[in-house]
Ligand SMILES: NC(=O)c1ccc[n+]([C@@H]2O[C@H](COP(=O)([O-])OP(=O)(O)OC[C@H]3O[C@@H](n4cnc5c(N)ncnc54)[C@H](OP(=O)(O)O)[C@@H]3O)[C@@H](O)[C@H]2O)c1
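Just the one chain here, the form predicted alone, laid out as structure tokens.
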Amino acid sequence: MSEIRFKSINKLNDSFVLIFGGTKGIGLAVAAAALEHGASVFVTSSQEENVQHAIKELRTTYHSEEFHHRISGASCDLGSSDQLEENLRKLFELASSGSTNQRRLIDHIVFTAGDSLKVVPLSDSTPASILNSGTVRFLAPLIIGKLATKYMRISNRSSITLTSGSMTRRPEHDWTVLAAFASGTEGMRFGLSKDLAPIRVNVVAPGVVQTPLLARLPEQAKEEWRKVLLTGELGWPEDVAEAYVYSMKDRSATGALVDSSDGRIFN
């Protein structure tokens, strides 16, 4: 009897996934999901310590050499607008060089990176503070789009998946600036989808997800969130990661916005 060939779960087999913000929370969950689907992953964060911790955690979770050789990473500072393009170029060169210095093309880029959420009321904002708020979350994805085609496989099998959030349509008080940049990311997908075609570009919009960032909130605040979510539960990174896997796997999905927000936009 011939071996069964799985058409769905093997779509990411032998692919190479570069994950910005891949050391914690949703990004780390995406790395784990990609590994389980047969991909190699390269995780990056601004702190080398976080990168090494994530690599160790992934190798501990997937404790066999078959997985270990598919896990790598390096740090990349996205917080300086003056150095952003050069830092990204160096990161792309390193990631695509491979462990044997044999060039490898990137199949998928996932962007979940973000700096500490600094909520500044619009009344207290300045042009400088507003621009600084968008360096990592808005400017970096644009420069990634500029550089990506030199390092990616040019095919509809390839994708870039960005991250916005439910705050674009349901902002809290004083979230004007952050919501504006997140909305810009959602709009960015249309232009990038055309400019980078046939590479596909999509955006995932998570809601209130139980990441290290959310862990800082007191339990009472989390309970208040649960009351307004249609599912009655905060999101889990491993569930939201499925949206990114979908974006990578569906070769017809481009310019799409995928909600994974527990229904927050309805309440």
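When you see a residue number, it is the position in the sequence shown, counting from 1. In this text the structure is predicted, and so the values were computed from the model without any measurement.
As for the form predicted together with the named molecule, it is not shown, yet the points below apply to it.
Put simply, Gly145 is far from the named molecule in the predicted bound form: not one heavy atom of it is within 4.5 Å. In the predicted bound form, Asn50 approaches the named molecule with a heavy atom inside 4.5 Å.
In the predicted bound form, at least one heavy atom of Lys24 sits within 4.5 Å of the named molecule. A residue is said to contact a partner when one of its heavy atoms sits within 4.5 Å of a partner heavy atom; Ile160 fails this definition for the named molecule in the predicted bound form, lying far away. Relative to the named molecule in the predicted bound form, residues Leu122, Arg169 and Ser183 are all farther than 4.5 Å at every heavy atom. Proximity to the named molecule in the predicted bound form, defined as a heavy atom within 4.5 Å, holds among Ala113, Leu196, Met152, Val177 only for Ala113. Looking at 135-143, 183-191, 122-130, 102-110, the stretch with residues near the named molecule in the predicted bound form, meaning non-hydrogen atoms within 4.5 angstroms, turns out to be 135-143. In the predicted bound form, the residues of 157-190 lying within 4.5 Å of the named molecule by at least one heavy atom are, in order, Thr163, Ser164, Gly165.
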